[in-house]
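One chain comes next, on its own, written out as structure tokens in the form predicted on its own.
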Amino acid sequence: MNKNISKSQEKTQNTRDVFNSKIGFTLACIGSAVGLGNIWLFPYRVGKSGGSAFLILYVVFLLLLGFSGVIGEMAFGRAMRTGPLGAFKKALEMRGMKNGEFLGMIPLIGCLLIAIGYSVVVGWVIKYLIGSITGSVLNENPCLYFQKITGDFSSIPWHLIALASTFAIMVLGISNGIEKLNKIVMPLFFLLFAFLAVLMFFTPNSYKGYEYLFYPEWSSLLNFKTWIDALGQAFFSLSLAGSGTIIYGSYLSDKEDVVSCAKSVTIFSFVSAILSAAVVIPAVFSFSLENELQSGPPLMFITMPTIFKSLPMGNYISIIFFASVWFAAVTSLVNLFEAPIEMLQTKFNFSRGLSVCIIAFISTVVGVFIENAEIVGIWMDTLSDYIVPLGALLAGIMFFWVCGKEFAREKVQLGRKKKLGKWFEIMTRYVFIILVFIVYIVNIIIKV
């Protein structure tokens, strides 16, 4: 069976669009991980949960998950040369079992539904970027401005622009579309956010923000919720969902070292989170708006524009901020949409263009009915709490347990000069599975 799979993979690899370079693949994976959650959720959590005490836990969990789950999903996709639907199917077939496609539908559908909700928020970002250029964002009441585009059917034009611009990139394929996009916008994101972080450093009373961010409250380590928040933040910062990283891995050459790629993704996920916190937290403290840190999306769409209005050259700062946010958002969105698009191409032999059109149609029809901020919030929270960790758990079980430890080790070893140590099985088969199981169960308990 393994020989047949290898021959099939070799044939697929010769005809399948792939990333042209390791840097292109790595930047694409970083782009999928660097999203809106880091911008409005991480700053709130790190301050609320103990400052640098929380950061220590976050880094530990980030490393544990990065060197287990990220490696696994990359290697799983590359080994099977397909997305979650086909990968789960092939994994069970190796054991003489069926219904792998049924299980693969869980992360796949979750990925599509999250993308649909995410595209609504990306539409808001585009509206704010254009509004920053025209000056309307800073000339109007921030609360009213946000309310205007977050009601029922209130942001259709911007939502459609978000979808059209995303699918225009995706129809070009992996190497000519997604890879080139990430090679341009990911470096720009980090450069622009670093520039904003420097600007915020010089705002009055910004030191209070750094105290909030880095002052360690060691007593918070005695709080079980601090550990869960750090684990959850690390989990979502790495975009582990049993779909997006698998699909990008399926386009990766056997010559590349997935351990090295996973290390880069882990490092830059941390850097993006810290940069986001270094922009947002000093800014809100400079204007005594620290209570708004826990407001979620309004932090970005109401609080930050309020701050920009009071800064010199606020219009330009607002443009840079929302352009950077769009860069982070669109790279995540193309990753989310890629899994269902690839499924249509692989399972039904549809062309790339037709597959993109089908997903674009579904996303538009469903998306316009959830444009209300309250609805899309519930939509995204439900999927993030239940479907995302379940998809990651299933993918981990499939690759590390169903495929077997020898198969997993062999596929991760591809392209790697240094032999994997004994840590590999411990980290992947046990530590990762247990951590994801904890995230999943805790989410259920909290919501009940």
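Throughout, we count residues from 1 along the sequence that is shown. Bear in mind the structure is a predicted one, so any value in this text is a computation, not a measurement. We call the rigid core whatever largest set of C-alpha positions still superposes within 1.5 Å between the two forms.
Another form exists, predicted together with a small molecule; not displayed. Remarks below refer to it.
Q: Identify, from the list 155, 182, 237, 318, the residue with a heavy atom within 4.5 Å of the small molecule in the model of the complex.
A: Flagged contact: 237.
Q: Counting non-hydrogen atoms within 4.5 angstroms of the small molecule in the model of the complex, say which of 50, 35, 389, 396 makes the cut.
A: Of 50, 35, 389, 396, the residue with a heavy atom within 4.5 Å of the small molecule in the model of the complex is 35.
Q: Three residues, 128, 132 and 323; all within 4.5 Å of the small molecule in the model of the complex via heavy atoms?
A: Looking in the model of the complex, the three residues 128, 132 and 323 all stay beyond 4.5 Å of the small molecule (heavy atoms).
Q: Just to confirm the contact call: exactly one of 398-406, 36-44, 411-419, 59-67 touches the small molecule in the model of the complex at a 4.5 Å heavy atom cutoff, so which is it?
A: Flagged stretch: 36-44.
Q: Report yes if any heavy atom of residue 336 sits within 4.5 Å of a heavy atom of the small molecule in the model of the complex; otherwise report no.
A: Flag for residue 336 set to yes.
Q: Within 4.5 Å, heavy atoms only: does residue 285 come near the small molecule in the model of the complex?
A: Taking the distances in the model of the complex, the answer for residue 285 is no, it never comes within 4.5 Å of the small molecule.
Q: How about residue 118: is it within 4.5 Å of the small molecule in the model of the complex, going by heavy atoms?
A: Output for residue 118 is yes: heavy atoms within 4.5 Å of the small molecule.
Q: Applying a 4.5 Å heavy atom distance criterion, does residue 75 contact the small molecule in the model of the complex?
A: Contact check for residue 75: no, nothing within 4.5 Å of the small molecule in the model of the complex.
Q: After fitting the rigid core, is the C-alpha of residue 45 off by 2 Å or more between this form and the one not shown?
A: The answer is yes, as the C-alpha of residue 45 shifts between this form and the one not shown by 2 Å or more after core alignment.
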